[in-house]
Structure formats: structure tokens, C-alpha cells
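Next comes just one chain, in C-alpha cells: the form predicted on its own.
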């Protein structure tokens, strides 16, 4: 990534802010403290909005181990060759230098809910008056027999942006002529983006140009998936004969893998593969479970404020939540972050809090300028975040509309990343 002066200065400020973390807390002179864990679409947005809209009345700390954030959304387009890696990489420098956020690059490893502190892997604890958790997802142990995170270099998941995405792209490029790519698709609910079926489209786009006799197999435990008719129409149009999906009726839910042998067993039929992309069942980021905020695999929240149903001083966003009808997407997390930020400011400074409203759109690219989308608006009820209305692209749309949909997604990407990082 090219570092312009602003990015360089901002990065330096972020590093200085990290080193000065204990002094920032000591010098806050009684200002209320908000700690945000996780610097993705939910956490970065929440930190920025709390800091920006409180105009210095609240001391904001963002805890995120990575110094660069790679978006899951559009990471499939990097795999497909439509983006370079630098275009999905983002710095926390502006949040530190322009919004006064104390950016701490460390792992949050525990929450003491009685003392209201977050403990760090590097030592010490950060106090809070309100805590916002946006840790994303982790994987359910044993979800795919034969696979765990120690096998992620042989069989990458590429479900957290950065090195895993680079690895999967490199493995696809190195496939032998006529080779086999296998995706083990996740059960519901799962993080999307990076959508599994957009990823299949992007892999097929690459292989069609570089390795046209290659084969793609999807082992899928789900009977159906979002935008299925659109993807299947697009696969037939652009990649006829290359992609085979094996659903649960034919054993797609009975899958194990052998990373050493690079094989996938699909209901007793062993497939020798060249690339295996394993996307296991998912659960809330580990910090939620460590803090005692989960029921089953997810953290239940109130849609009105994104507050944990187990601790009113903690708000939880995005993929980690059990909130109702919203999908686990970056757009959803960004939307939820604004509701949480408003609720936090209201609780700590007495500012006005408006009724919660949410929106989401998920775009997918099937082939060059062949973009589709699905989305909805939502409102908070006492039970959940409830869908109000929705929309979805239709099969048979003309090329001009599909191109416009793709271009719309590019504009959205620029807008949301600016909204996250300033």
C-alpha cells in the first residue's frame, strides 16, 4: 500500500496513542469512558460516532490487534482479480489523529463485568463506563471433522480478511491444469460477506481465464441459500459445466477432510483436491463467551440499543449477535453501530436518543459487471430487530441494470469505509 503523508502521520499518531494509553486514562479528568473491542465495520464505526458526536465529552478507546484492517466485503473481488489488496486495506490513523480515539493494538482477552474493565493480552486492564463489543466471528470446534485452525494454511477459510485471503488466492493461481477446487460451505447462520457463493463466482472467473478445464465442487449442508436463483443463472451463463453443488440431499452435509492428503470425503465419496476452502460453522467472537454474554453460539441483544440482554453496560454489534432478522454483514454491523453509539451517548451525556432503525444491502459480483443485490430495512421491537420490507435482484435482468448494480456497490464501498475510518 502506498503511504501518503496523511496516512503516514495518522499511523504514527495511532502508534503514539497506543504507547500513551495509561496516560490518556489518567488525564481524562472524570470524563465517561467508552471502550470498543474490535475495529471492523461495527467497532470502528461505533468508536468514530461516539467520539465525533460527543465532541470530546467522552473518552473513547478502541482495542484492535491488527494495525491494518482488511475488509471482508470486497475480499472476494480481490480473489477474482477485480481489486488489489491495497484497495481493501485500511488504517486506524485517522481515528486517532482526527477524532482523538485512543487506539490500542492488542488482544482483549477478558472482561470483568463487576470491575468494568477489559483485560489485555499484553498486560493491564482498561476501565469503562460503557463497553461496545464487535469481535466478529470465531469457528465452532469440530464443525468439519478433520479440520481445525491449525489446518488453515493447508485448507484456508479466508473468512477473516488479510493473510488468509492472500493465501487462498495464491493457491488458486497455483492449481494444476484441470485441477479441482472444493469449498466446504458453512451452515446457517454465517458471516456474509465474504459470501461463499460470490466467492465461487470469483474463483470460477479466474479459472475460466487461466485454467478452463478446472472443476469447482461445493459441499453444502444447506437446502437453499441467499440469491440462489441469481447465482445459478449466472453460473450457467458464465461458467457452464465448471461448478457442481452437492446439497444435503446428496451428502453435502456429511463432510470430513484430511488436510495432509488434501482430500474431502463427501458422504463416503473421497475427492482428491488441489485447493480446499473450508468455511466451518460459526459463533460469536471468543471475547463474548469469555465475558459470559452468550446463549448457545451467539450473544443476545436488545434491538433498541444493541445492549446485551445480560449486562446493560455492554453493547454488542454485528456478526457476534443474536438480534433477529438482520444478516451477519458489514453493512448490518455499521448500521447497528450507529444505534449503539447514539444509545451510549444518551446514557453517558444525556443527549437525545431516537428510535432505532436499521438497513442492509448485500451486493455480489457474479462476473464482469454482472452485479446482483439483496437488502431490507428493519426496526427494533421488544423481541428482536424485525424486517420491515426488502428487495432482491431478479433473474433475467439486462446487462445495463447489472452493471449499474455493480457500480452502486463500488460507491457503497467508498462510503462505508469512509464512515468507518474517517
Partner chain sequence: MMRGFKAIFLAMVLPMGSAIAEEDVAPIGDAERGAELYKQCSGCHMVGPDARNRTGPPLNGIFDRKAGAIEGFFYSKGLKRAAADGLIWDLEHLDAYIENPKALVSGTRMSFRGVKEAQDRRDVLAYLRLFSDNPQNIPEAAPTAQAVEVALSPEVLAIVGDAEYGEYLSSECKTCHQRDGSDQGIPSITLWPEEDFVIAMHAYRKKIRPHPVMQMMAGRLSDEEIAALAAYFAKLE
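Residue numbers count along the first chain shown, from 1. Quick caveat, the model's predicted, so the values are computed rather than measured.
Only in words, not in the display: the form predicted in complex with its partner chain, which the text now covers.
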- Message: Taking its partner chain in the model of the complex, would 378, 407 and 411 all count as contacting it (heavy atom within 4.5 Å)?
- Response: yes
- Query: Which one, 334, 76, 71, 294, lies within 4.5 Å of its partner chain in the model of the complex by heavy atoms?
  - Reply: 334
- Message: The chain here is shown without its partner chain. Which stretch in 45-53, 364-372, 61-69, 32-40 comes within 4.5 angstroms of it in the model of the complex, by heavy atom distance?
- Response: 45-53
- Query: Going by a heavy atom distance of 4.5 Å, is residue 395 a contact of its partner chain in the model of the complex?
  - Reply: no
- Query: Are any of the heavy atoms in residue 383 no more than 4.5 Å from a heavy atom of its partner chain in the model of the complex?
  - Reply: no
- Query: Is there a heavy atom of residue 339 lying 4.5 Å or less from a heavy atom of its partner chain in the model of the complex?
  - Reply: yes
- Would residue 224 show up as a contact with its partner chain in the model of the complex if we use heavy atoms at 4.5 Å? no
- Counting only non-hydrogen atoms and a 4.5 Å cut-off, give the residues of 354-374 close to its partner chain in the model of the complex. 354, 355, 356, 357, 358, 359, 360, 361, 363, 373
